[in-house]
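Shown here is one chain on its own, the form predicted on its own, set out as structure tokens.
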């Protein structure tokens, strides 16, 4: 059984922008990655999932409950961290999370302490929000989503702007939460976060679903086609871009090193290297020029 089922979800805004175009995929237990560059439709899809926004067509089921007819049951089972969460700088960490808990109908203060413990913020519960670092604020944001022990956790770009240490800590929090038959949807543009914690993912491109399935299967799409070429100047780079998807370029004192997807095997003499999730993702997005 899938914890989340999306069928033919579409959304067009009043200005004519098609944010979602017939999106369908399923999500089971564990951490599920949602990838796509800015404007791909990730945030719109998450808002539809947490009942903040109503799609124009399609259906969504969460833990077997239909979002349209059983919205209250869906909301009881979801914890949500939006991309931008307004916080009150004069409130303490505990008071802010407790306030958010009461909005959700959770009045047990012990639940607040449990959530703060999960994100390693209990010892800072009396500190003012305005005195926290960016990473600590993100952890508080996750804590308010965790209050009430939801079955589904929806996180929109939660690691954006965090330093590597905080991102590692954050991934640990997600992994621990997901162990208890829970589902996490992690929307991000940071490939490393998805690679480390997500066995399955979906890739959105310009409002459409490009891929949904196992991370390993996505990598297999480009396995054997990733190559590295050393060139002397950018004129040669332009020639390569006409024949292959350029993943990255590294400049050195003596020329450039170019990492490519050689889909049509136009560069048989180039050095082959192992494919990564970033290689597969950039290929999905059409290469560095289009991403």
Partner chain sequence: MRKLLSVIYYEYVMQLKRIATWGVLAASVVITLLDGFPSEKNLARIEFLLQPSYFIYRSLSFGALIATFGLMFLLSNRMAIDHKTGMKQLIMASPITKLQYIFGKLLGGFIYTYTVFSLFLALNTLVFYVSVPIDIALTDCLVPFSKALIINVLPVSIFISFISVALPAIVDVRLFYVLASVLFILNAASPDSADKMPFYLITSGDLKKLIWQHPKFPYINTDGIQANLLFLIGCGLISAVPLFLRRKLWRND
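Numbering follows the first chain given and starts at 1. It should be emphasised that the depicted structure is a prediction, and the values quoted were computed from it without experimental measurement.
As for the form predicted in complex with the partner chain, it is not shown, yet the points below apply to it.
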Only one of 90-98, 216-224, 131-139, 182-190 has heavy atoms within 4.5 Å of the partner chain in the predicted complex; I'd like to know which. 90-98
Could you check which residue among 63, 27, 258, 50 gets a heavy atom within 4.5 Å of the partner chain in the predicted complex? 50
Please state whether all three residues 84, 103 and 107 have a non-hydrogen atom within 4.5 angstroms of the partner chain in the predicted complex. yes
Does residue 80 reach the partner chain in the predicted complex if we count a contact as any heavy atom within 4.5 Å? yes
Evaluate residue 75 for contact with the partner chain in the predicted complex, applying a 4.5 angstroms cut-off between non-hydrogen atoms, and reply yes or no. yes
Under a 4.5 Å heavy atom criterion, is residue 242 part of the interface with the partner chain in the predicted complex? no
Non-hydrogen atom contact residue 254 with the partner chain in the predicted complex at 4.5 angstroms: no
